[in-house]
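First comes one chain, alone, set out as structure tokens in the form predicted on its own.
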Amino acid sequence: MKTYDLERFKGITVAMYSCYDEKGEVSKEAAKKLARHYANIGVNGLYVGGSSGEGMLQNVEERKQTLEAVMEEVGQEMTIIAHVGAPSTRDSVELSKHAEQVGAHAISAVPSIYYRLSPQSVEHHWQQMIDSTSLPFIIYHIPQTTGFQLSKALLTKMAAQDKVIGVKISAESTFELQQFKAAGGDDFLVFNGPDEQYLAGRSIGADGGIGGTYGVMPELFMKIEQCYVEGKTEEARKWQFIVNDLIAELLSFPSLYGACKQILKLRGLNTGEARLPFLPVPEAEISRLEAINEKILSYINQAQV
């Protein structure tokens, strides 16, 4: 039985985007404004410094600054999960300790990237973070970018620890999601990662979701969640299909993050350009993105009726 409050982590958690100024430096002001935006909407939590937050493209100090800004602005109102995964274990441990110091509610991490590591190496990498703080730990499983395939055996071993409260699964198999949920048990959280299968993930055992495209349409994912909880399966499916069509359009741009950040800018939330090698939206494509933004806003209005 886990001793942490698991209920606070359920529901919709936005994987927060990076926030830069006009020079490409981390902007604590922009991060606070964006975090406040999500708090005002009623989003349950924020996942800071992950894939959508470009954590792997930032140095340790930049990642600390971003988390500090979020905690200062909404740390008392939202559940904040700090992604502390980094190529080196040393940096990951430093980020873990910082997350605890500023009051984050949990830490999470991918395996070390670039090198193809053994399960024993990945376990040791994660364990160093787990042992460095008193915070609960959430495994981040995203094999398509890390090259590491988390086994049921390793998951089961790690889930036996009180501090290891869950796993974020961004692999595309809902079968794997169901298997991990079964392996972890009822008091082990499973977060759906692929936004386009949020409903499928929830239907097969996920306790909630952490996603990047949530950032430009959290209201639509909150609508899917509401319909699912209320047993309105057909309506939930309708909204998932709408979301999927929007995701398909966003994926047609050179960079998903570049497109999403540009949409926020159209709404008065300037978070700067995505950091290279992620490409910005070409000037010739801005009008098409404006049309997509209007479509998203129209659906948000419908969802709130």
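Quick caveat: nothing in here was measured; it's all calculated off a predicted structure. Start at 1 with the first residue shown and count on from there.
Just so you know, the form predicted in complex with a small molecule exists too; it's not on screen, but the next bit is about it.
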Residue-level question: is F137 within 4.5 Å of the small molecule in the model of the complex, judged on heavy atoms?
no
Contact test in the model of the complex: L256 vs the small molecule, heavy atoms, 4.5 Å
yes
Partner contact for I247 in the model of the complex: the small molecule, 4.5 angstroms, heavy atom
yes
Is there any non-hydrogen atom of D195 lying within 4.5 Å of the small molecule in the model of the complex?
yes
Interface stretch in the model of the complex with the small molecule - options 162-170, 69-77, 85-93, 125-133, non-hydrogen atom within 4.5 Å:
162-170
For the spot marked by L6, G45 and A99, is every residue within 4.5 Å of the small molecule in the model of the complex through some heavy atom?
no
In the model of the complex, the residue from M158, I142, L189, L220 with a non-hydrogen atom within 4.5 Å of the small molecule is I142
Which pick from G212, G208, G184, P111 sits with a heavy atom within 4.5 Å of the small molecule in the model of the complex?
G212
